[in-house]
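The chain below stands alone and is given in structure tokens; this is the form predicted on its own.
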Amino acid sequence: MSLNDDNFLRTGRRDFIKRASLATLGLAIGIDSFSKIHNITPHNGTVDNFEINPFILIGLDNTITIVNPRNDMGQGTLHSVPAMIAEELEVSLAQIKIIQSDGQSKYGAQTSGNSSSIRRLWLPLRKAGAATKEMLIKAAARQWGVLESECYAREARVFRKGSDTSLTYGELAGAASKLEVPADPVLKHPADFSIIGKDIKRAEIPARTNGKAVYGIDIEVPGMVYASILHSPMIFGKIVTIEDSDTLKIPGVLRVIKCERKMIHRDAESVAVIATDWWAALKGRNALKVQWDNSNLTETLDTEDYFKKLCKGEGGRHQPP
């Protein structure tokens, strides 16, 4: 499933269902399109943690966890993506835990680029948050025997107007899971935004500055190997020969393989050095002797020449042949 293409719009209901590690009960709201959402048949069990949709998890202790499906490379998706959900769900950013998606297809493309994160997720994620909020309010109203208009949501709780009576989202989730998902939940007017567009500190900044943040390069799993890739100095250059005898002599180097990357204009070739650690992979890549051919290209772009032109102020956007 990809939020960046039409396959996302056609994904079936079963693709949105999550089976948590513990027995669960809750809502599973699938997004059929940018304007329609539906309920997935919930399953019964002991409530420990449940999924509202692939991007919202609510615990029995009212812990709200929001999944960010877009890689944050400094552009701020760890803040902006959860903010869209939190705004409509009526929870503050201080109340939520933000985690990065783990590669499962239900989270979509999980890539960053083309300034697409907000544009593509703006309505789907806001509607998911708004629909969830309306269902939680309806569940509370039924429990209290009052009209929904007599209730409102704030700070991960539903309150009864004119009193101190309230219920947490965690307390209401079971009842809310049995309700029909609003076909067209009411979205907040921009004038009523309390998160979006406001000057709010980004929660991940302290970890980025004190060294506690975990990046992709920090991850280790059993049996893990590392790869360092040598690309052609000319765009779309083709490999003629690979001389890897010196590379294979380096302790830790396991294999040298030819790679092919599918691209829009044409495929690009490269060579990957696989090793038991990053340093060995890097040294192995530097020891490679690869002969490249660009005779099939109508125009060439050499990396070193391009950098020289940039330094002279002669560079510009290169249009692939």
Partner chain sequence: MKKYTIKVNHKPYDVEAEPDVPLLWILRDYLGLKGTKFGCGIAACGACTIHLNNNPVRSCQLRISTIPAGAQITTIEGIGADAPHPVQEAWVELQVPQCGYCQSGQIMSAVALLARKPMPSDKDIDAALAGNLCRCGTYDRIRKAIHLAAGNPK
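Everything numeric in this text was worked out from a predicted model, so none of it was measured. Numbering follows the first chain given and starts at 1. By rigid core we mean the largest C-alpha set that fits within 1.5 Å across both forms.
The form predicted in complex with its partner chain is left out here; the points below concern that form.
Self-check item: Interface residue in the predicted complex among G162, G211, G223, G145, criterion: non-hydrogen atom within 4.5 angstroms of its partner chain
Solution: Residue within 4.5 Å of the partner: G211.
Exercise. Report the residue, out of I205, I99, A94, V186, that has at least one non-hydrogen atom within 4.5 angstroms of its partner chain in the predicted complex.
Key: Going through each option in turn, the one that passes is I205.
Quiz item: Can any non-hydrogen atom of D293 be found within 4.5 angstroms of its partner chain in the predicted complex?
Solution: Result no; D293 lies far from its partner chain in the predicted complex.
Quiz prompt | Close approach of V240 to its partner chain in the predicted complex, 4.5 Å, heavy atom | solution = Contact with its partner chain, no.
Self-check item: Interface membership of D277, its partner chain in the predicted complex, 4.5 Å heavy atom rule
Solution: Although its partner chain is absent here, D277 would touch it in the predicted complex, with heavy atoms inside 4.5 Å.
Exercise. Would you check, heavy atoms only and a 4.5 Å threshold, whether G74 touches its partner chain in the predicted complex?
Key: Looking in the predicted complex, residue contacts with its partner chain include G74, since a heavy atom lies within 4.5 Å.
Quiz item: Within 4.5 Å of its partner chain in the predicted complex, do K201, I217 and K283 each have at least one heavy atom?
Solution: Every residue of the spot touches its partner chain in the predicted complex.
Quiz prompt | T276 C-alpha relocation of at least 2 Å between this form and the one not shown, rigid core basis | solution = T276 C-alpha, core-superposed: shift of 2 Å or more.
Self-check item: T77: Cα shift of 2 Å or greater between this form and the one not shown (core-aligned)
Solution: No; T77 is a residue whose C-alpha shifts by less than 2 Å between this form and the one not shown when the cores are overlaid.
Quiz item: Can we say the CA of W144 moves by at least 2 Å between this form and the one not shown when the core is superposed?
Solution: Shift at W144: below 2 Å after core fit.
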